[in-house]
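In structure tokens, one chain follows: the form predicted on its own.
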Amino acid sequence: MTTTNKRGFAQEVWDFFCSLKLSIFLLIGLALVSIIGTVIQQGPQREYLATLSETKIRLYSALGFFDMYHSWWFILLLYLLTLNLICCSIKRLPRVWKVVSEPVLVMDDNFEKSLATVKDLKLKGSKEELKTRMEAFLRAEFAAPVITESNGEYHLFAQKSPWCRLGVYVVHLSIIVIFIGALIGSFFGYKAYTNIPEGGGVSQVQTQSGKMIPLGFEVRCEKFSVAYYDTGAPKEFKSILTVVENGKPVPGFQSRPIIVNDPLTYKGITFYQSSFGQSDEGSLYHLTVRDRKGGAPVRLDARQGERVALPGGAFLSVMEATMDVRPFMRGFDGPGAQVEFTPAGGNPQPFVVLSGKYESFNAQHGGDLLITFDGMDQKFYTGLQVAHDPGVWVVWFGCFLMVVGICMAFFMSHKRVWARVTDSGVTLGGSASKNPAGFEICFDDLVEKIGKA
């Protein structure tokens, strides 16, 4: 009784993993959770996190939504689907393999009844002559036949594309290969981010976990440029990168432009254009200060956070600036700066100053001084996503297998023709694994040709 129970439980487990319902459930589940990975930014940067509440950040982190494709539950779904595909293939493959490798060579009366397409042909000639004639005909019009003699009758069997029955298993294999490639990339690859100021370079990058990874070469940002829509939103941002190895630029990788969806790849490491921002390094702000009561204007240069003395004992610090205020101030354009103004003997006063075009706006602050912002020698940093995926070629091989398997499974048909030659004539039968209506047309065409031969 115990042995029977054990066998029954093992059979239930086996049937569970061979279940088509499990396959459908896992595929739908993977599709649904992949939507989460599309909606929620993976490996989010500070700008994205700033848009979320503290509760959401804690919840998403606990569920692994910020790195969903490496989360334990997503990988578990992949393992289950892989196991399901293997079990389904093991259960059904032997039957299909037998059809392919051990075809029925003799069309006896019982087998003839199982065929949907059968024709009796009254042909002249002896049995030997009809056998030779049918062999030559099938070889020319269909496929080379296998001849078997049984009970004084000759049986000819010919087939086309028998291996297409294995197409579904090639698709199963391709999915497993793709999963293996993804796991190789997950365990042995990495994704990292780095910010490079214009004129600067990096030779190592930092992963999401904070681990520093040396590249083995240096990537320099020669220049960064950004174009805007009329609304002030970024239209296109572009980095000019150079790869430097052993102190020398690598030929073919000098001043290479990269934009979103057009990355740079060197030695299996890919650099994607991800973000950008104003670099504090080397930015110089230009301001003009003049006394409201008259006098010559004074032009000043300042760096971010630097405390600059103004006429009359006041001080000014530039906190941040932009060359286009449209995204931040509706109805205004041109350069602008957030400054901290400290009058003589007074407290710091933060406010915004714009270009000389908006003198009335600038006149609202500054006490006895009228301050305008003339622009800046602007430098950007480029934000790059860095990815190294050693499993990518395994994934591409899996994709190739999938295309081959789909073509085999959906666009090819295993066609079989049997001919039984007796003293009274020839009986022709046939079947196809797909598109029986189309095969019937081909079969009728063969019958017609035999009659004319």
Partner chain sequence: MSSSMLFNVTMVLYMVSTCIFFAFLASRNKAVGLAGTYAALFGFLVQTAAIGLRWKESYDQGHGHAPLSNLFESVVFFSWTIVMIFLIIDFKYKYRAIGFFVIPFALFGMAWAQLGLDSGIEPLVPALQSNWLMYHVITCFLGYAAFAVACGISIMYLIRESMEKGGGNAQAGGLLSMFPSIRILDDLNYKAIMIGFPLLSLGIITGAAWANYAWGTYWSWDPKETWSLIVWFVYAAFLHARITRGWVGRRAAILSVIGFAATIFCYLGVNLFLSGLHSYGK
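Positions refer to the first chain, counted from 1. The structure presented is a predicted model; accordingly, all values stated were derived computationally and were not measured.
Note that the form predicted in complex with its partner chain isn't included here; everything after this is about it.
Peer 1: Its partner chain isn't shown here, but in the model of the complex which of Gly216, Pro311, Pro348, Pro234 has a heavy atom within 4.5 Å of it?
Peer 2: After the contact test, the surviving option is Pro234.
Peer 1: Only one of Pro145, Gly383, Gly181, Gly167 has a non-hydrogen atom within 4.5 angstroms of its partner chain in the model of the complex; which is it?
Peer 2: Of the listed residues, the single hit is Gly181.
Peer 1: Taking Tyr272, Val392 and Trp396 as a possible spot, do all three reach its partner chain in the model of the complex with a heavy atom inside 4.5 Å?
Peer 2: Checked in the model of the complex: all three residues contact its partner chain.
Peer 1: Quick one: is Ile175 in contact with its partner chain in the model of the complex, heavy atoms, 4.5 Å cut-off?
Peer 2: Heavy-atom contact with its partner chain at 4.5 Å: present for Ile175.
Peer 1: When the contact criterion is heavy atoms within 4.5 Å, does Ala344 count as touching its partner chain in the model of the complex?
Peer 2: It does not: once its partner chain is placed as it appears in the model of the complex, Ala344 has no heavy atom within 4.5 Å of it.
Peer 1: So in the model of the complex, does any heavy atom of Phe66 sit within 4.5 Å of its partner chain?
Peer 2: Judged by the heavy-atom cut-off of 4.5 Å, Phe66 is well away from its partner chain in the model of the complex.
Peer 1: Though only this chain appears here, would Ala62 touch its partner chain in the model of the complex if you measure heavy atom gaps against 4.5 Å?
Peer 2: Ala62: no, not in contact with its partner chain in the model of the complex.
Peer 1: Check each residue of 21 to 35 against its partner chain in the model of the complex and list those with a heavy atom within 4.5 Å, in sequence order.
Peer 2: Heavy-atom contacts within 4.5 Å come from Ile24, Leu27, Ile28, Leu30, Ala31, Ser34, Ile35.
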